[in-house]
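Heads up, what comes next is one protein chain in two forms, each shown on its own as structure tokens, labelled structure 1 and structure 2.
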Structure 1
Amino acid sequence: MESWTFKTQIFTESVNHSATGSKSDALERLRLLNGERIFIVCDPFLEGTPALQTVIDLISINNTYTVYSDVVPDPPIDSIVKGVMVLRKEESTVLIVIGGGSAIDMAKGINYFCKTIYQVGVKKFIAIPTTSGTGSEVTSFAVITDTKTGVKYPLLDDSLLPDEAILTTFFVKSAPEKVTAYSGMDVLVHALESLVAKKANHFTDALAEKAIELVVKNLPTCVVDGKNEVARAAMHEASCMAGIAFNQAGLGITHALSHQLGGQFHIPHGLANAMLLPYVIMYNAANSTVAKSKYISIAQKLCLTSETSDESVQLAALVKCAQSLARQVGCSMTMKEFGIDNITFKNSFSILVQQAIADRTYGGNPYEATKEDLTRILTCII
């Protein structure tokens, strides 16, 4: 038997808001906070901006607040510990995080350690993502880094889940082209990996399929016209849907390998995923009949070929769709194009593959890839 509940309450903009470009109505929800001591963890790009001031104006009447913006990518334990100290000192009752996946993971870490070490917790934890990518606002894990040893520690616990996620285009509109493109490709990979992952079910399939459709339709617009509210709202919702899907269904070897490319060569996560995805689709389709039929079904839903095309044509169309989308939004598709020479890359294969097999996402793949299989996939992106 399987069961699943979903703790995070999600607030989205009304459809009219996206169509008219009026001020965020989802954010208006913050006006309901009353008599609270609010701890705001905010991404550094927001510090001192009118956008952050808008949030402060919404909450400052009947509440007190403290802003903490010591957020860096791959949140280090030291910054989390400092955040815990501030939260305790301020005796905060509500935690709001506004930022990308790094800021959200950091806030998750602060909240988690306050609860588990000091037995003090906030009444409410609200996440407001400013990138459309990680889905961290609805996932029960966070990755924190020990900067002294370089070791990354995954925290995995349902108590990490925010109580509320506010999906507003208000902040995400300022995301630079590359952040938009790479995090958007990450959404596509979350959705395509969770679609075929071992623990996928009809619920996660529905979310993953819708997310794929929204990314294919809206990501190029978000990249060329970042202020487009309708496309931004669609991508933001796709990111959240894919987050819910992979939180339940799991991911696969695209992520298992891309985590290593990020660690070893500092390749942006979404970019590494975009490079690997076409080859992982072909690999999974060749080895798992369930994965193959799901890929074909999504190719049909996206109307990539005529319904009467044979399976190999439909599969090839899905691979081509993933490749063209990545190209269209400006992703390099090989390590060489990114600036890593062949020899250096090839010399790292053995360690990359070994670590990929130990990665927590590896086990979710529909077919158990061998070291040789993973090496062949890496060879494709030289």
Structure 2
Amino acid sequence: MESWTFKTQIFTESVNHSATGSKSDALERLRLLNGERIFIVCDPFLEGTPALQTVIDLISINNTYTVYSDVVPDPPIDSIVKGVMVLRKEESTVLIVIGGGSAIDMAKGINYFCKTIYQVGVKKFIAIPTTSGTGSEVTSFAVITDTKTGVKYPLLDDSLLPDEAILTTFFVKSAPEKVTAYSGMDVLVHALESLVAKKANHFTDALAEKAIELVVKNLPTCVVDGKNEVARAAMHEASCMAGIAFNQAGLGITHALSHQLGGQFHIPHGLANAMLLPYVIMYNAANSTVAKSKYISIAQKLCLTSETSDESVQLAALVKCAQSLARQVGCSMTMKEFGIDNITFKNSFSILVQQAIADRTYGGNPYEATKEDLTRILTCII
């Protein structure tokens, strides 16, 4: 018997998906907070901006608040410890995080260590994502970094899940093109990996398939026309769907390897995923009949080829779709294009592969990749 519970309440804004207008009302929920000591974690570029002030105006009438913006990509342990100290000092009762995956992971880490080490914590944790990518607002994962070793450590615990997730296009409309592109490709990889992961089921498949469809249809629009609220809302929802899917089904070796590329070479996570994805699709299809069948099925759902086409043609069409989408939104597809020389990259293979096998996401892959397999995949992105 299997069971599936999901504690995070998701609030979306009233967007008319058949029109170009929208009504941004999801943030109004924050007016319900009353008599709380609110700890706000946000990306540093938000502090002092009208966007953050909009949130403060909603909560400041009957509450007190503290803003913590010591957030950097790949949140380091030291910054999380500092945040724990501030939250304890302020005796905060509500935690609100406004930001991308790193900010949300930072907030998750702060809340988690407050509870596990000091047995104190907030009574409500609210996540407001400002990028459509990680799905971190609905996952029990967080990734923190030891800056001394460059190693990323994934945390996995249901207590990491926010109590509420507010999906609003208010913040994402101003996201830069590269952030939109990389985070959007991250959504695609989350969905495609969860689709074939070992713990996938019909429920996660449905979420993953819809997320893939929304990304392919809407990501290019978001990159070239960031103010398009309908496309932005669709990508935000796709990110959330993919997050729910992989939180239950798991991920795979794309993420296991990309975590290491980010830790060692500071490659944006979504970009690293985009580089690796085509080769992981081909690897999984060659070694898992279930994965191959699902890849072909999604290629058909996306109308990439005729249903009567040869299986190899349909599989190739999915790979081409992933590559073309990445190129269309401006992703570098090799380490050399990103600026990493071949010798430096090759010399890192041993440690990258070793750490990838130890990564929590590695075990979710539909087929257990060997060190040699992972090395060959890395070779493809030189």
Ligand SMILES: NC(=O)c1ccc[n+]([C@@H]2O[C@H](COP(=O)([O-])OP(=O)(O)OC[C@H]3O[C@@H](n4cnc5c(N)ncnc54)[C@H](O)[C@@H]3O)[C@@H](O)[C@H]2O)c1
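Take the two forms, find the largest set of C-alpha atoms that superpose within 1.5 Å, and that set is the rigid core. FYI, numbering is relative to structure 1, first residue = 1. Computed from a prediction, not measured in an experiment: that's the story for all the values here.
Q: Can you spot the form predicted in complex with the ligand among structures 1 and 2?
A: That would be structure 1, which is the form predicted in complex with the ligand.
Q: Using a rigid core superposition, assess whether residue 114 undergoes a CA shift of 2 Å or more between structures 1 and 2.
A: Yes: residue 114 shifts by at least 2 Å between structures 1 and 2.
Q: Does the C-alpha of residue 304 move 2 Å or more between structures 1 and 2 once the rigid core is lined up?
A: Comparing forms between structures 1 and 2, the residue 304 CA shifts below 2 Å.
Q: Quick check on residue 323: with the core superposed, does its CA move 2 angstroms or more between structures 1 and 2?
A: The answer is no, as the C-alpha of residue 323 shifts between structures 1 and 2 by less than 2 Å after core alignment.
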